[in-house]
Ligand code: 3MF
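A single chain, nothing else alongside it, follows as structure tokens in the form predicted alone.
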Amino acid sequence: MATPYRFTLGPWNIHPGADPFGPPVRPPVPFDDVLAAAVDLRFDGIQFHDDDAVPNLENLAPEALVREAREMRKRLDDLGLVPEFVAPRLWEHTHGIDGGYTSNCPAARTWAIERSKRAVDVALALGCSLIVMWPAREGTAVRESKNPIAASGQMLEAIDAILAAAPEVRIAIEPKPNEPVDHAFVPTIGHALALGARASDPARVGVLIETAHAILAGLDPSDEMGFALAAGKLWSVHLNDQNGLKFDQDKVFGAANLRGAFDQVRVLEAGRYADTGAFIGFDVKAQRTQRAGAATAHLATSRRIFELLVAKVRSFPERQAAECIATRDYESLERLVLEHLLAA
């Protein structure tokens, strides 16, 4: 039997519906309700920002931080859930206005590294070793405001500091080309892998690929996944969808490009992603028009589409496809794919 896929969600997937042009339209969701939703949806685990697991962590002594993280771990254990990763949330703090690791303020850079080390403490107390580095504000709105050569070194310094915090910790870099900054310093998987290769321990640095982030860079998410899988570096995925090169929409997986979603599932199957033990995450957000009582439907739909596409991939007529490829009859291959996707 094929290794079953494992699914996780994050608290940000169940949100009150605020956007840059409007206030919240649903009440805030208590963390207990997030955990309950994960159980109801038959998900396996939770993705954490550091302060999702330990609120107010910056004001806690190290012993108190570990104690609160262990209490959260017990809550997960009681529900049969596991933690997938912890990500230091640098982009919402006042010290991170100009970026964290690449800020022009030395004190802010020091803060960002220390906050990341505390995220490592949280992760280990939760029982996971994966740190996700989303360099959200590590970039510029005015290109001349930062030196990209220096910024690359600053990013590498942060990676090495996190790796040095504990020998078992691993880092998955989650690249994005823009938003909230105009231009990011680590925009693609290629950049992330190249940066990781320069780290003090490259074996402990991999990547997390988000569908929409690849599309925003003008790239095919399945190609990005294949590139990372070939290197043995795809340590998590955030599946969603994106309608063109605009703001990060976090649409339901497959909602804008069903064939693109099929190709992503196909490459995950070809790379035996489930066998690696890594998780499937859906970085999707409920539509602003959705009522509070049904504000998890986007997660259920994303999982259902993923599972249907797994079945489509496994039933794909590979022998016929191989014949088309052998004769360079790509028109017939195209029709074969389309008819397979449309077949009941």
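Just so you know, these numbers come straight off a predicted model, no measurement behind them. Throughout, we count residues from 1 along the sequence that is shown.
As for the form predicted together with the named molecule, it is not shown, yet the points below apply to it.
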**Complete:** Of the candidate stretches 171-179, 118-126, 104-112, 222-230, the one with residues having heavy atoms within 4.5 Å of the named molecule in the predicted bound form is 171-179
**Complete:** Interface check vs the named molecule in the predicted bound form: of Val267, Val186, Val252, Ala87, the one with a heavy atom inside 4.5 Å is Ala87
**Item:** His49, heavy atom within 4.5 angstroms of the named molecule in the predicted bound form
**Value:** yes
**Prompt:** Hey, in the predicted bound form, does Tyr273 get a heavy atom within 4.5 angstroms of the named molecule?
**Reply:** no
**Request:** Consider Val132 of the chain shown here, and say whether it contacts the named molecule in the predicted bound form, taking contact as heavy atoms within 4.5 Å.
**Result:** yes
**Request:** Give a yes or no for Glu210: in the predicted bound form, does one of its heavy atoms lie within 4.5 Å of a heavy atom belonging to the named molecule?
**Result:** yes
**Item:** Neighbours of the named molecule in the predicted bound form among 222-258 [non-hydrogen atom within 4.5 angstroms]
**Value:** His238, Asp248
